[in-house]
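To begin, one chain is listed below as structure tokens, in the form predicted on its own.
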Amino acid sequence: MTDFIDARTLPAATLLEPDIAIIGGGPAGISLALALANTKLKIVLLESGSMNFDPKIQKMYSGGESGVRYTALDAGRLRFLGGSSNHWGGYCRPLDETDFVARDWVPHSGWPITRKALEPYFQKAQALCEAGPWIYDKGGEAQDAPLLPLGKGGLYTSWFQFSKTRDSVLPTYFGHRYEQDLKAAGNVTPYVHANVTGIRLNKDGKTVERLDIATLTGNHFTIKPRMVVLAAGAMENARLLLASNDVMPAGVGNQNDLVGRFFADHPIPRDVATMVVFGGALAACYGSNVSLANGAIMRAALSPTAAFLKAKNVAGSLTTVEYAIELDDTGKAAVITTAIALGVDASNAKAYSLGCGMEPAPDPDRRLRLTGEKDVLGLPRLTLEMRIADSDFTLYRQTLVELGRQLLASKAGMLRLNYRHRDEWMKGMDWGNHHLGTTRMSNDPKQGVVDADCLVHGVSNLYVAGSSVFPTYGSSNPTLNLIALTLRLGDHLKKVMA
């Protein structure tokens, strides 16, 4: 049993020489440490924060912003053990096969791996998320109530599963849940209050020689690992690579000016449309989480098919039913007129507000940069240039038009689209706080920071774990997928270090 070590208590100038140093104690870092537990490899897991929230530590995320309105940089992530799993919503859904494919209508799209590469790891990722049995594609079969009837076309009912409910609180908090597992792993030594302040390369810039570590109390020590895995989230991964510029002036892995570029988050505009269902209330699974007898917690969403994406050149999305609403007089008149035209009974019609999660197009100018301002440890702070293209809204609006057509075709209901202009979309805008893309994956060093094995181009022993390597983003929440990708990295490390 190895307890967590408070880095503030280490003797000054301590030198550690593990096989692998994992930077970051969030879902990716914890999952990787557990994947490597009980091997012959000596692992150190470095968490910047403590076991619980500390506002002084949290302020290290502070940075600047420009462009469209976005979540403050120190508000979208949590800097203590478990990382952002300490405030995630528990949404789980695997990326679709089409999310990995290069789409000729989406510049910079395509992964160097296929979904098949992650399939051996999804079940284990599902278990780590405590999301119940894997039944995503069969969610409709498990429901008691009938699903929303849609005419043949581009959208279908898809499914989220949710991380385990514990004491009526969603979801699994990785730090608390796996604290004892980390302690029980004899080859894993976890540290808290351990801030990496520099990734130091050897003189030729091809190998990580050491990591500089500091605490907020002024303690400093050094780690000389055989391998390093950077798993600190899309912001901190980029910041550490850019700030470690003593050998490579542009920053580690940044020889092609790609580190920090392609930052992304899922836009989540609210009240995008009003949906009327002629036959009465929808099944409960559309508007809320439904617990099944087999332990799964599920919720329905409306997703475009692969064929529709390709035929209409649209992006991924997940349209959700948010809450029931009362129609105004104009809306009621529209329902009566439409029902008469279709020859259906709308006396029990119910109306709902729809929300969505959208897939944004990759944008190299949506990026993080270093500023001249420094934090208490001397690291440059970040600034984010946040952007969203008008075309992102236009493409999703086409998906809503198709949903409305399918409702009319099935005579099940109708749809009113609420937004047309950019300012309307932006007034209803929220964000998923899913940080993605700043160290994107590509086998071409001119297109990505890491290769298909998550190895930083040009550096023989530095890997990146987490959703910062996603080259395109899909519309699914990233946690389940980044864990599966991290477990794949764990198997790769076992092979290369055997």
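Values in this document were obtained by computation on a predicted structure and should not be read as measured data. Throughout, we count residues from 1 along the sequence that is shown.
Here the subject shifts to the form predicted in complex with a small molecule, a form of this protein not shown in this document.
None of the heavy atoms of residue 256 is located within 4.5 Å of the small molecule in the predicted complex.
The shortest heavy atom separation between residue 20 and the small molecule in the predicted complex exceeds 4.5 Å. Taking the partner from the other structure, the small molecule in the predicted complex has no heavy atom within 4.5 Å of any heavy atom of residue 464. Using a 4.5 Å cutoff between non-hydrogen atoms, residue 82 counts as a contact of the small molecule in the predicted complex.
Taking 232, 382, 272, 252 one by one, only a single residue has any non-hydrogen atom within 4.5 Å of the small molecule in the predicted complex, and it is 232.
Interface residue among 131, 241, 194, 264 relative to the small molecule in the predicted complex, by the heavy atom within 4.5 Å criterion: 194. Just one listed stretch, out of 148-156, 395-403, 336-344, 89-97, contacts the small molecule in the predicted complex at the 4.5 Å heavy atom level, and that stretch is 89-97. Candidate site formed by 27, 61 and 76: every one of these residues places a non-hydrogen atom within 4.5 angstroms of the small molecule in the predicted complex.
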